[in-house]
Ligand code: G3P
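Below you will find one chain, with nothing else, as structure tokens; this is the form predicted alone, and questions on how it binds or moves follow later.
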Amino acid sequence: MKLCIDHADTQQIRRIWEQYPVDGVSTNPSILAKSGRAPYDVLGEIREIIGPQGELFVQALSRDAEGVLAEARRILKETGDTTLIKVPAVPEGFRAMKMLRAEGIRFIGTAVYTPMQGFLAAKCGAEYVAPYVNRIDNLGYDGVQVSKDIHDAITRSGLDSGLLAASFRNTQQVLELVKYGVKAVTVAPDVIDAFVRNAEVERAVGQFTDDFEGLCGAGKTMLDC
């Protein structure tokens, strides 16, 4: 399973990229807007951080298929051909997906709230589909279960696609989909940090340090004994 960073703050991205075993970065227009910077400046810096092999997800905003295709070509020119284009899973988006597939451009179906949206995007050739887990919860449905249903519909149909589940509120939502074997998740830095934030862990590490320093001296490590 792949783990991606759902953010556009390059300082946070660099920190998470260096600390954790992550595979890429997912952005959307709202995330880029929060950065307050020119979009391609941000995306270029992200690409420098993650390198040519890291997966970068960038959304096209055009409401017509021809516009999405033109945007996709520009995005790839600016950020490299390993970038995946995010396309909303709506009727004109499906038409755009077929056009992207015909040109061999990698893409992802986004803004997915229902299993049929996910299935149709996968059938159009989407490498990933992105259900919005927490946003689905906020509509009164079970976002984790909807994501599982999309996963099942795709895998049981033999389609070469998978989830890039997004919009997580907490680590438990992520864990449920990790255990289910989805293809990927994209998670905000604060939730990634919460994967391992635990007072008992910190206490144990502190005790190890205290005990060792009691034996060998303050500030000493295995390099000093």
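Just so it is clear, the model here is predicted, and its values are computed rather than measured. A residue's number is simply how far along the shown sequence it sits, counting from 1.
Omitted here: the form predicted in complex with the named molecule. The next part is about that form.
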- line: Exactly one of Leu56, Leu69, Ile49, Ile31 comes within 4.5 Å of the named molecule in the predicted complex through a heavy atom, and that residue is Ile31
query: Hey, of 175-183, 39-47, 161-169, 191-199, which bit sits against the named molecule in the predicted complex at 4.5 Å between non-hydrogen atoms?
result: 161-169
field: Contact flag, Arg135 vs the named molecule in the predicted complex, heavy atom cut 4.5 Å
entry: yes
- prompt: Within a 4.5 Å heavy atom cut-off, is Lys86 in contact with the named molecule in the predicted complex?
  reply: yes
